[in-house]
Every structure is written in C-alpha cells, then in structure tokens.
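Before any questions on binding or motion, here is one chain by itself as structure tokens, the form predicted on its own.
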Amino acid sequence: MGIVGAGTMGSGIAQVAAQAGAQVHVFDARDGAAQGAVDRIRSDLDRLATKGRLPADAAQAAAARLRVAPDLQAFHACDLVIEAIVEDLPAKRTLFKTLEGICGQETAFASNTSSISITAIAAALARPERVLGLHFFNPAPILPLVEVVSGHLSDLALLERAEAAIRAWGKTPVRCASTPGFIVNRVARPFYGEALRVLEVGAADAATIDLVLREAGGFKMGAFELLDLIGLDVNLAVSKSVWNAFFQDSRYRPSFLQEEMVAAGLFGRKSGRGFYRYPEGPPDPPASPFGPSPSQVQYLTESDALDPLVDRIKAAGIKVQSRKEDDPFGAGMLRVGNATVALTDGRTAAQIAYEEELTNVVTLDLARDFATTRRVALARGEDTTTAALADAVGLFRALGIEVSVIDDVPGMIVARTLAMLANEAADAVLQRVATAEAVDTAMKLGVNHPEGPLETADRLGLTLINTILTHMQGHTGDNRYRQSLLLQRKVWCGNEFR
C-alpha cells in the first residue's frame, strides 16, 4: 500500500499498516519529510519493543516493511493508496487524478479527510467508484476507530474489502455515508457548542462547566479542556466547515467567543493559553456550599431518570414520602425543606415556578448516573430564597455528592448536552448516514464517550430528552434545538433506538 502525506496522520496510518503486515511506501512532496517520518516510526517501534509493548521481532519486521517512495510512480503496484495531505479539495482531486494514471485498475484510493466530501473528491476520476474514505483518528496507532466512508458512487464490494482490511489491522470500522462531518465530527458538535453557549451567557465559568461535564456527565474531559487540547483554531475550522456544508444551519453555528479567542491567538495548549493557562491547566474546584441535612424528602412526581437518586436517598437513611404520581415530562420533582428540587426538563427554575405555581424552585441538572455521581449542578429561581437553596444543597451533601451552583439557564449543562448529542445522532440515523449501532460505536471509540448518545437517550428516557429540546427551543427561540423527526417518532410510538 501507499501513503501520501508524511505528517502526523500519515505517519500514524503507515505505522498501523506496517505493524499489521502490509508493505508500506510513504511519499511526501516536502524534501526529506517521508524519510523523517519513516525514521520516527522506526524509532517508535523500537521504543515499543523496549517497553515490552511489542515483541522485538515484530517491531523489526514492521520497520523493515516501511519504504520511502521517491515519487508517486512508486505506487504503480499498490493495492491501496491512502492520502493524508492538506484539507483542500482541489489538491486531493489532483492527487488522485495523477494516481489514476499511474496505478492499476484494481487499486483503491482512500482519503483520510475529516470534513471534505468523498463524492466531491472522486468526481475528478474516470472511475469514481474506486474512491472511499478511511478516516482514522489521532493518534492512529492508539485510537481504534476508523470511519469507512462511502461516496455516492463508491463500489459496495470495495467498501466491504476495506472494512475487512481495517479489522485485520486491529481497528474497528464503522460504515457511514459521505455527509458533512461523517459521524464523529458531526455528532460531537453539541459537546462543544452547548458548553460555549452556557459560558457565553455567563451561567458558569469554564472550569465549573468542565467540572460538571466530567463528574456529573461522565465525560473523560470537559469541553474546554478538550478544545484547548485539540486547538481552538483547529476545532473552529471544523465547526465552520460543517456549518457551511449544512448551508449555515443554526444547529451547527460556530461560537463568536471562540472566533474572538482564535483571532487573539489563544489556541489552547500549543499557544500556552486558551480557556486555561498552561502548564497550569484548569484551576482546583471551589469548595461546595453547605446546607442542613434533611430527615425527610417528598417525592412529588416520579420519573425513571430520578429513581436512582431516590434509591440513593433511601439508602442514606433519609425517609422518602412518595405521591406515586408520574411526571408528565419524564423529569420528576422532590421537596426537601423549603425547596422544590425539579430535575431539569429544559425550563428554567423561574419558568417552572411560574407555570407550575410553585415557590422556591431549584433546578437539578441531569447526571449520567445518579446512583454513582460525585457531583450535581443546581440553579435557583429568581425568587428562590437562600435558605431554600441551602436545603437543596444539604440533601446532596448528605449523600456525599459535591454541588456546583450555577445561574438559572434552560437545560442547565449536562442535560442540554446529552439531549443535543442524542438529537444529532438521531438525525444522522434518520438521514441514513449510519445505523444507530454505528453511531454509538463511533462516539465511544472516536471521542471516548462513556456511552453512545442513543444508548444514553434510551436509558434516561426519550420523553425527557424530547421535552428538554422542546422547552429549550421554546425558551430560546433558537431553531438549533428543533427535535429530530426520528426522535419524535420514537417518543410517539414508545420505541427506543437500540
């Protein structure tokens, strides 16, 4: 096989293929770049052998399978050529058109693009059916996911052979159609977008939002930590690419705040400053507020999402009185002291107090798992007293759960993020980009989410997810929160995604 482009991604793919037994030819138009990449890969293989992560003979054999290609003519006998060059459509088209005149009729051409249409790349060829996408994730030798992307004219047998090859290389392929962002770069947009919107309205600072996403949302990293790691400029470029590709649909609208930070040269770790300063990183979280421990809690309206928290309250020895009345929105409410603690359904605490004729409302953000969560976020309504907020805080502190108090915003932090991830995933399934199983697999393996977004939605309840989006759209007037038709159908029919 051949690799065109000896940067980080090209080098990583070359290492994966060589370790799997392929003869790999590496070419780069920059003088010395291909040789430098091959030398680095061989050094990395030696290091893996030294650390005992790879048998010494396997490392030596993989290193021997790497070759520097002096020019594109060296690819004439390749079965597969993967390009990992600059993200530029004309450049990719020109490359494959040149290779079509060099390689045999059976050679497959694959692009590692993360955002450019495979159909558009293939259009320049006499035989566009021989082009597909093989989107690896960085670092390619470590991350297991490869999106196998089908252009409009890609040959089905070719896609099946590519999937088999990817499995033979020890990776997990997921099939998807060539639409903007494919699976991961599309479905992951709300993870950054919702955090940025919470920050932009001043509901919480970046460190608090990240803390809640990690400790209540169950994500490995917060949105702003991840943006700083990826690079704000890189992430913004992908966001703009997806936004423009979807004809500037408001669902994918980039953030003005991120645009300003990029303009200021605040790119994240690589520039020494982004949302945080480096090498310091995020600050230590502030101490949680305190409140009185309750002796009794009333379960005013029940829900599947809130039941695990109520079980935890009972296990702590706190008496629970239940009305045995289901919450129509799938959320649920508790009464503790003077506080009405309402699991967020996309409305603000002030809105719930007004519409339900309640006093001292405190909204509770979703946790991915209330049975084990280490933290929750709370928000007080406009007329909620300090004493009532303290009563709500006291309940969670009695359970050993830390508390972050944020401003009263619709959908809080975790709930709006999980709802939007599920909504985007549902639309991807509806539009035949990929199956529900493929979407969930891609999000777990590609961006290390603890669950697939559709798995999460099924578990928390599709009525609640749909309600959060409905209320947020009504509250904000923003069409980005419009509900997927597939999500609505599942709710109306009582079905699940998986």
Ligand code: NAD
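Note that the coordinates shown come from a computational prediction; the quantities given were computed from them, not determined experimentally. Numbering starts at 1 and follows the sequence shown.
One more form of this protein, predicted together with the named molecule, exists but is not displayed; see below.
Remark: of stretches 132-140, 170-178, 323-331, 401-409, the one touching the named molecule in the model of the complex is 132-140 (heavy atom within 4.5 Å). Interface residue among A287, V86, A157, A126, judged by heavy atoms within 4.5 Å of the named molecule in the model of the complex: V86. A heavy atom within 4.5 Å of the named molecule in the model of the complex is found for one listed residue only; from N423, T340, T348, N112, this is N112. Contact check for M9: a heavy atom falls within 4.5 Å of the named molecule in the model of the complex. When the named molecule is considered in the model of the complex, R186 lies well away from it, no heavy atom lying within 4.5 Å.
Contact annotation for D28: at least one heavy atom lies within 4.5 Å of the named molecule in the model of the complex.
Contact check for R416: no non-hydrogen atom falls within 4.5 Å of the named molecule in the model of the complex.
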